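Heads up, the chain below is alone and in the form predicted on its own; it's given as structure tokens.
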């Protein structure tokens, strides 16, 4: 109870992604790779060992024309909080290379502590963590365009989406120099949020009623952050991971595909993704 009260007024950064607006263009993936120095290979056809902090999946309702319907689902790290304040990956890491920040709600990854056991990858139900099998090889001249705010990762460590945490640090530094302790909503935004041409991604403090992300999701923090908006859902919510990435869709089959279809025999029979 003491620990809960200590972080009661803390920020809780998260996303709401409108799947009815997402066109699957992949701009969020490109922006994420450029912003965070995500390595790539000459041949990216083998997705088993490729790295993509933000990955866009294609869902279908499994029906033929004219009832066929398609949905694109971007998937960053969910930055889970868990029922007891710890995400699955944080709970299993023996090196404390990943940690939950109670001040921001962001799950961090400390590469210099990681020794590559990959327990966190096994524990993550969203496949949001990636292992570096090789040292990154950057094409000649491209190192000039690497972000100086994000350290490139070495071979043998796990990496993942950080909600562009370096941007939060830069925004807090600027606020400190100006004598402020509170950030405005637009001062800290992720690269994928800004790059989305359809405006499908909304990012902000889920604990701040003035932020748009809170108004869209209407999270009930007394009951594990469950969305109050009937069109909003979270992936695999029944696992109790309490993710901070919310999805929004007016289509019922999309919402069911996010979690509930496993317990619905009719849906499992007629829909595939």
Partner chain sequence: MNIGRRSFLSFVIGGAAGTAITPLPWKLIDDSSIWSQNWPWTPVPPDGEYSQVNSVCTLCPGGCGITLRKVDDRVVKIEGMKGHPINDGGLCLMGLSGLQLLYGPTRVKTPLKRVGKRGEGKWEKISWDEAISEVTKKLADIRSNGESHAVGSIVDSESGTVPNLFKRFLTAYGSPNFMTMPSIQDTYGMTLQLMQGVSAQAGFDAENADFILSFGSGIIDGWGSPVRMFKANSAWKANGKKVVQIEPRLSNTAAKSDKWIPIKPGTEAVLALGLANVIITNSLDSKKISRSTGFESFKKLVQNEYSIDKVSKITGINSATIVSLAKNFARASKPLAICGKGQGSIPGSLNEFMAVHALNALVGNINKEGGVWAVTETDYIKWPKLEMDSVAENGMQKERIDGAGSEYPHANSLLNRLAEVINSGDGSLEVIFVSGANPLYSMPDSKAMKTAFDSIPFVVSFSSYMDETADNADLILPNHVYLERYEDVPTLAGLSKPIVGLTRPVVKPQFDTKHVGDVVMLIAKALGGGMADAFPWESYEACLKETLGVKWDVLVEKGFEFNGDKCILEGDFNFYPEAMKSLSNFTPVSAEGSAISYPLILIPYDTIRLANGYIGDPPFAIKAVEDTVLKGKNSCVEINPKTGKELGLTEGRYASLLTPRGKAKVKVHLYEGIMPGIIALPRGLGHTAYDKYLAGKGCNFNELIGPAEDPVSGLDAAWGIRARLTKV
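Residue numbers count along the first chain shown, from 1. Just so we're on the same page, rigid core means the largest C-alpha set that superposes within 1.5 Å between forms. Treat the numbers as computed from the prediction; the structure is a model and nothing was measured.
One more form of this protein exists, namely the form predicted together with its partner chain; it is left out here, but the text below deals with it.
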{"property": "Among 224-232, 32-40, 211-219, 237-245, the region lying within 4.5 Å of its partner chain in the model of the complex by heavy atom distance", "result": "32-40"}
{"property": "Candidate spot 20, 152 and 191, all three touching its partner chain in the model of the complex (heavy atom, 4.5 Å)", "result": "yes"}
{"property": "146, 92, 117, 122 - the one with a heavy atom within 4.5 Å of its partner chain in the model of the complex", "result": "146"}
{"property": "Non-hydrogen atom contact residue 133 with its partner chain in the model of the complex at 4.5 angstroms", "result": "no"}
{"property": "Partner contact for residue 160 in the model of the complex: its partner chain, 4.5 angstroms, heavy atom", "result": "no"}
{"property": "Residue 129 within 4.5 Å of its partner chain in the model of the complex, heavy atoms", "result": "no"}
{"property": "Any non-hydrogen atom of residue 167 within 4.5 angstroms of its partner chain in the model of the complex", "result": "yes"}
{"property": "Members of 204-242 lying within 4.5 angstroms of its partner chain, judged by heavy atom, in the model of the complex", "result": "none"}
{"property": "Flag for residue 230, CA shift 2 Å or larger between this form and the one not shown after aligning core", "result": "no"}
{"property": "Rigid-core frame, C-alpha of residue 209, shift of 2 angstroms or more between this form and the one not shown", "result": "no"}
